[in-house]
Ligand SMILES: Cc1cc2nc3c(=O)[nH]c(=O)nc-3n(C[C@H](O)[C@H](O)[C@H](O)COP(=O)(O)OP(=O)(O)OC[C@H]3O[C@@H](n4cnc5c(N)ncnc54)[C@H](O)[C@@H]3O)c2cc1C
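Quick setup: one chain, the form predicted on its own, written in structure tokens, and binding and motion questions come after.
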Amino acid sequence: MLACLRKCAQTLPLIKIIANPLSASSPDIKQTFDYIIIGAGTAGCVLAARLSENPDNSVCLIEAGGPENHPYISIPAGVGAAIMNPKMGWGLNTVPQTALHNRQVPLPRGRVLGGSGSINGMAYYRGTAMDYDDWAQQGNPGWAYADLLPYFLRSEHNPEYQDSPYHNTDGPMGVSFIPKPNRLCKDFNSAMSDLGFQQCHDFNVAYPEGYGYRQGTIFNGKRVSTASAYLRPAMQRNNLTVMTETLTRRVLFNGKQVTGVEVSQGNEISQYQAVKEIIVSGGAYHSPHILLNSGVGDAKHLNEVGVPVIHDLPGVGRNLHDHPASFVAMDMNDSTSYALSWKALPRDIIQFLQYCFFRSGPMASNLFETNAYIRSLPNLDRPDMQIVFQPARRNIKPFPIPLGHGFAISVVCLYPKSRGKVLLANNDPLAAPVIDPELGTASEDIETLVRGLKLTREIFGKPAFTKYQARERMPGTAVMDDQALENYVRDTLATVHHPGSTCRMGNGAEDVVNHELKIHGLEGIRVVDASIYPRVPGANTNASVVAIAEKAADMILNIPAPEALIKLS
């Protein structure tokens, strides 16, 4: 089966990648670069491509994982297998969460070229303009929605909106609708309409709200990540070096000036120098982890774990938050849903061949084809809840393919109040970070999810769904009152993998970088990834991280910011 999938996936072009093992004395590898980028995730791939456009810049991109050549990555329907594959992830978990009955919650993060953008759900949603305007109003000039829109557009290749001021057809990242969504998605839209919600035809305008079909970073039947869209074309340049299977241990200093990095490649430890800048793009968990291992962070914590203090900066690793979610799962006998079952086997075989020969059909889908952004309370100024419809059965135990037939809704709290932290376990740079997001500690987060579960039952109670005579497996008909639903939420709450704010942008006591993404009090280093969010936007985060990296590249290269394209009232 896997061999067939490999044939279905497009063969990746051969490129020059320097992989483990790598000797520091190798004559083929230079020791000094203008720019060193730590992490070839969503942001790092964009930065490597943009900074290397000038042939006078020597750029080194360091990635702990390997190439993104597994078929689970390129085939959109392989998302469940990709996100669960230990060879492509860090295998992170939270510490036991006291507000979630002491459960440990998995935290999938990509350890591969493209980072989490190579294993994520491929949803393309920027969020409301108000989120970014809030960033600017909190003391971060140049980060309002009007400032970021040109960077959203620069990255996007979206021919399905030809004349919209909110879209572009010239960027590297392909974005599209799923051509033939599952019929259950039409039922979801019908049920939302019956409940009085408005339809949203484009979730990437300035103020999106309502229900409808959504786009993804899928093009010509394949996943689009910044590794495939930005990095792969740039790899032909002689001034760009990519080191895979190379773990960054720490950043090196001369006083407060950053000079280079120390890395592990197999059993060897090497050092590389940066003439101009180091850019940390390890993501919301690993960027603070790298800084803490380098002696940058809360001095008290660093002293406790035995790391020499280089720069006392208490905000490093603080203010962690992510979008929490819970769900309602339905089972049915009807075979309309996406599934692997004996009943659907002939159809599944045809759809498999359809993808192999034409890159179309359900295997070209991320399975999350329609959703809604709504206000769970009438007095809110923006949607605070995402309703994600899944036209497939939610498995009881983790398995990458839906088994049997059914459908589900995940309810996502877009503006959680709970805040946590990333810490060091000890002074070993190879030790995993200690991650405590303190999920569910703010009662408002749980209350939002309970409202969402009640709404989900209303949605599934509409004629569009009752015709299937589906059965509620979870939470189940015995879980009805608010207290029972709250207990269910605490038993099932997980994140939707949008962590941020652990190297927060701003000028406050717990902020780490300024509006140019330079670390307060240090020279020659910036952070560019989701960790700089002043607050995680109420949206899937891949699109905004790409825009952040595009903007950061302009700042690093001293390119004037483009003029705002739209004036919002």
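Residue numbers here begin at 1 and follow the sequence given. Model, not experiment: these values are computed from the prediction.
If you look for the form predicted together with the named molecule, you will not find it shown, but the lines that follow are about it.
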State yes or no: in the predicted bound form, is some non-hydrogen atom of residue 497 no more than 4.5 angstroms from a non-hydrogen atom of the named molecule?
yes
How about residue 253 - does it come within 4.5 Å of the named molecule in the predicted bound form, if we only consider non-hydrogen atoms?
no
Is there any non-hydrogen atom of residue 123 lying within 4.5 Å of the named molecule in the predicted bound form?
yes
Indicate whether the named molecule has at least one heavy atom within 4.5 Å of a heavy atom of residue 68 in the predicted bound form.
no
Please tell me which of 282, 406, 317, 324 lies within 4.5 Å of the named molecule in the predicted bound form, judged by heavy atoms.
282
Contacting member of 297, 391, 117, 452, with respect to the named molecule in the predicted bound form [4.5 Å, heavy atom]:
117
Contact segment among 533-541, 517-525, 51-59, 502-510, judged by heavy atoms lying within 4.5 Å of the named molecule in the predicted bound form
533-541
Can you tell me which bits of 103-118 touch the named molecule in the predicted bound form, meaning any heavy atom within 4.5 Å?
108, 109, 110, 111, 112, 114, 115, 116, 117
